[in-house]
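Let's start with one chain on its own, the form predicted alone, as structure tokens.
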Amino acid sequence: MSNKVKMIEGRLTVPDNPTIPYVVGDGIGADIWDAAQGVFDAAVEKAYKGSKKVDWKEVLAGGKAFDLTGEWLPQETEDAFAQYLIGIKGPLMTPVGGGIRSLNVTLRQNLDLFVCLRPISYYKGIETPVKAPEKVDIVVFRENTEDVYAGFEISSSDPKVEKLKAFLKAEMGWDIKGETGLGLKPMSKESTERLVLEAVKYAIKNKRKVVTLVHKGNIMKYTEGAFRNWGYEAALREYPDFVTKDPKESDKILINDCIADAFLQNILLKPEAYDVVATLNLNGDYCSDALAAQVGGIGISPGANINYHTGVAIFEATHGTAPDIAGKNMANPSSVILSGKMMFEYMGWQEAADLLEKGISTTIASKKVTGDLASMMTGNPVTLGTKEYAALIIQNM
């Protein structure tokens, strides 16, 4: 039997021994991946008693790829994710203000992974600066391919910027003065609709009550305002039996919207008002990290980049590379482990996903955790190394 995951008539077909490409990642990537892979294999073995098993296939990206091949993102890596459909990765470095382009963004755009899926919820035992972190149970659908992340940007030192400024003044009447870098913020109806419809499908499938469109349409009327309008139109057109704008129709999913800055305020004041969120690329980056902070930080927040039409999905640790603690058995592997839980759910291996959830939640509640989590706990938490923490997760399955 083939070991490739396939998309057949719009549905994923997953063999019992799927090949899953993985990228170790930079910095702490090796530490957390080694720990996570052991946890994944233990969950699959415990759930399926040998009848299912992952065939892990390492592919290269980031610093390790550059050292071995001279390329930051070899074409073979993109091809592997496209060929096998499902993959997982550790954190990859991206220099600020120059150097290589974000490899994460490159993968999302080249493979058209139009949904960045970020579920954020609280784990008992972690103490955060907010009073009631347990009220946060929000799933963010972030548009992944457009907005200012599209890469249509030009430096103030590039001679072409003056040509562009002259064109904009002549054709649009926009007088852009001084030494200026310029960028474009595209937002298409097609990308809006496919994102919002996936958010609605998720709400229907998971019995969620509200889908909120988060935008800054009061200022950016023809990009973010259009996102809002197109989102409403698509949801109500495609799912009239399930979705409503009327709060009185309590038997349906309510679709509403919120200005981005108000949303960031409201998630502190009344997070329980939000359920599923659909938003643009930059807003999604801010909002998902802000929500993660309310429940303990991105160290325990999973993420996925998915094209629900082709089936291609890359699950990932959502945090940075933390080179200062790399190789010291200190890093927290929870983000990549929980991303693996999302991956197993996507594959239909719910039993393995449930074991990962049980292992993580039980371990965190026991207050035997890595140092970053221990620092957010009272009552004499026990600080464990990366390996020891992973071993306890396996024990607590």
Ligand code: NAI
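Source: prediction; values computed, not measured. A residue's number is simply how far along the shown sequence it sits, counting from 1.
In what follows, reference is made to the form predicted in complex with the ligand, a form of this protein that is not presented.
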request  = Just one of 114 to 122, 167 to 175, 83 to 91, 237 to 245 has residues with a heavy atom within 4.5 Å of the ligand in the model of the complex, so point it out.
outcome  = 83 to 91
task = Determine whether any heavy atom of I325 comes within 4.5 Å of a heavy atom of the ligand in the model of the complex, and answer yes or no.
result = yes
message = Can you work out whether N283 and the ligand are in contact in the model of the complex, taking contact to mean some heavy atom pair no more than 4.5 Å apart?
response = no
ask   = N104: heavy atom within 4.5 Å of the ligand in the model of the complex?
value = yes
task = Using the partner position in the model of the complex, report whether P186 sits within 4.5 Å of the ligand, counting heavy atoms only.
result = no
ask   = Looking at the ligand in the model of the complex, do all three of N307, S339 and E345 come within 4.5 Å of it through at least one heavy atom?
value = no
message = Where, within 20 to 38, is there a heavy atom within 4.5 Å of the ligand in the model of the complex? Residue list please.
response = I28
